[in-house]
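Starting off, we have a lone chain in the form predicted on its own, written out as structure tokens.
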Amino acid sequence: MERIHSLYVHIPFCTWVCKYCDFTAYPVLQGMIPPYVDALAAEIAQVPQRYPIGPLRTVFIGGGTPSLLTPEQLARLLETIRQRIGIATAAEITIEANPSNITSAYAAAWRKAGVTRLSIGVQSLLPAALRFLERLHSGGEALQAIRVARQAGFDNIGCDLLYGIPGVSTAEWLESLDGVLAEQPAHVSAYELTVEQGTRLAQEVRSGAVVMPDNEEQLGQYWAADRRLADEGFVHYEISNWSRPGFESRHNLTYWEYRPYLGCGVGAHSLLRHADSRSERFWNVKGVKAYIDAVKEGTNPVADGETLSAARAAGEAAMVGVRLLQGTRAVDPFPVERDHLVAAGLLAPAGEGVCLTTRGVELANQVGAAFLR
């Protein structure tokens, strides 16, 4: 089995679960964070007995809202990881944070605990857009959070933004992007606001209370952002991600390069790679209490999983690999599909591999699906 060098840690709690969110997230439950942190530490401590892992090159603490943890709770988790699994020198250690949680004291404590990268959930700077998204911070607070993080010594700061928000024009979207770029982040993620089944946003769209922008408008905002980011020196390295040179998300590259990773916490997913090219995918239980109880009993909190054949694993590697815009060789096992997509103008030669064309980026899901058998 291939050794694991990336760990994802899930913190499921949020002050408020936004209406568009379909992640494993729950409103802060009274008194549940301390026992959850206890359970997480216990699960992490058992990891080396179950899987070949470490030293870790990337650690990503996501959510939910990890910045709801106290600095002491976060430091405890990182110290448990360091002592039980091992963290490589110069590892990338990321924490997701909401702007309203980023204070000078918290940012300094995160740095002291070993966090090297912040991923800040800005989403928008526009008051109307933030109200629609049910975000609890203002645009001004988001910009101040970036400044506070930099003053604490963070130079690897990423900002998440959403485009395709109802009622937001392309000019307003670029105004929001420009406001963030003025703060000189190292990384920008721009995600299309999608309507996920089971969310309150999906209910509003079904009822007609909300009308989403059409595909042409969404693509217009996407490419407008791409041009603006290119002008600012950002490299468009993955469909939804741009970075200054050398500041790509190393943890997320683990996913796109189809390397093994382990997930700890409620609902966390993992991927193992076997020597015979098969893959094994599994995920933890979703309920907070069920997770805590399972760990207390000393059992592995995995809910279910599946083993993928070598052919299926290769197809998935190609599906995610084509998202890397500098090119990939993950499609090499599929010469017929590759050549067909090149002929259709969706892929183009890039070095020894291929990359998505402009049209291919717009149809990336269909391109990726072509490699799944």
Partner chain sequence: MIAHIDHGKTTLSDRLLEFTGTVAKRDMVEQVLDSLDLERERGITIKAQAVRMLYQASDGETYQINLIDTPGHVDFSYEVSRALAACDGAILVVDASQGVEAQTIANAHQAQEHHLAIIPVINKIDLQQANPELVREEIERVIGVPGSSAILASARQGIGTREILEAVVRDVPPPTGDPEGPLQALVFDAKFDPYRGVVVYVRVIQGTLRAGMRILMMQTEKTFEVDEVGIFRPEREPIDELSAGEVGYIIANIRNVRDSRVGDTVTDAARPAAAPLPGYKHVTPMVFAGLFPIDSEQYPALKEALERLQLNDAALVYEPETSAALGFGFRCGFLGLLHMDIVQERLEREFNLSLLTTAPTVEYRVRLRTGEELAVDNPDHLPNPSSIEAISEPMVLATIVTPSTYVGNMMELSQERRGQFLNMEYQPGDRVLITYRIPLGEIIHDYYDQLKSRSKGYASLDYELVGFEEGELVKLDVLVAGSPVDALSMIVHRDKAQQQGRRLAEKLKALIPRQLFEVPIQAAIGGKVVARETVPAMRKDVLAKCYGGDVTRKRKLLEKQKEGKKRMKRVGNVEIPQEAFMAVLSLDK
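Positions refer to the first chain, counted from 1. If you're wondering where the values come from, they're calculated on a predicted model, not measured in any experiment.
Same protein, other form: the form predicted in complex with its partner chain, not shown, and the subject of what follows.
Engineer: Please pick out the stretch from 304-312, 39-47, 324-332, 66-74 that is in contact with its partner chain in the predicted complex, where contact means heavy atoms within 4.5 Å.
Structural biologist: So the stretch in question is 304-312.
Engineer: Looking in the predicted complex, any heavy atom of Asn365 within 4.5 Å of its partner chain?
Structural biologist: Although its partner chain is absent here, Asn365 would touch it in the predicted complex, with heavy atoms inside 4.5 Å.
Engineer: Ser240: heavy atom within 4.5 Å of its partner chain in the predicted complex?
Structural biologist: Yes, contact at 4.5 Å.
Engineer: Spell out, yes or no, whether the shortest heavy atom distance between Gln218 and its partner chain in the predicted complex is within 4.5 Å.
Structural biologist: Answer yes; at least one heavy atom of Gln218 falls within 4.5 Å of its partner chain in the predicted complex.
Engineer: So, in the predicted complex, is Val320 in contact with its partner chain at a 4.5 angstroms heavy atom limit?
Structural biologist: Within the cut-off, so yes.
Engineer: Quick one: in the predicted complex, does every one of Asn98, Glu172 and Asp226 get a heavy atom within 4.5 Å of its partner chain?
Structural biologist: Not a single listed residue reaches its partner chain in the predicted complex, so no.
Engineer: Of Glu192, Glu183, Glu141, Glu232, which one comes within 4.5 Å of its partner chain in the predicted complex, counting heavy atoms only?
Structural biologist: Checked against the cut-off, the match is Glu192.
Engineer: Between 252-271 and its partner chain in the predicted complex, list the residues on our side with a heavy atom within 4.5 Å.
Structural biologist: Heavy-atom contacts within 4.5 Å come from Asn252, Tyr255, Trp256, Tyr261, His269.
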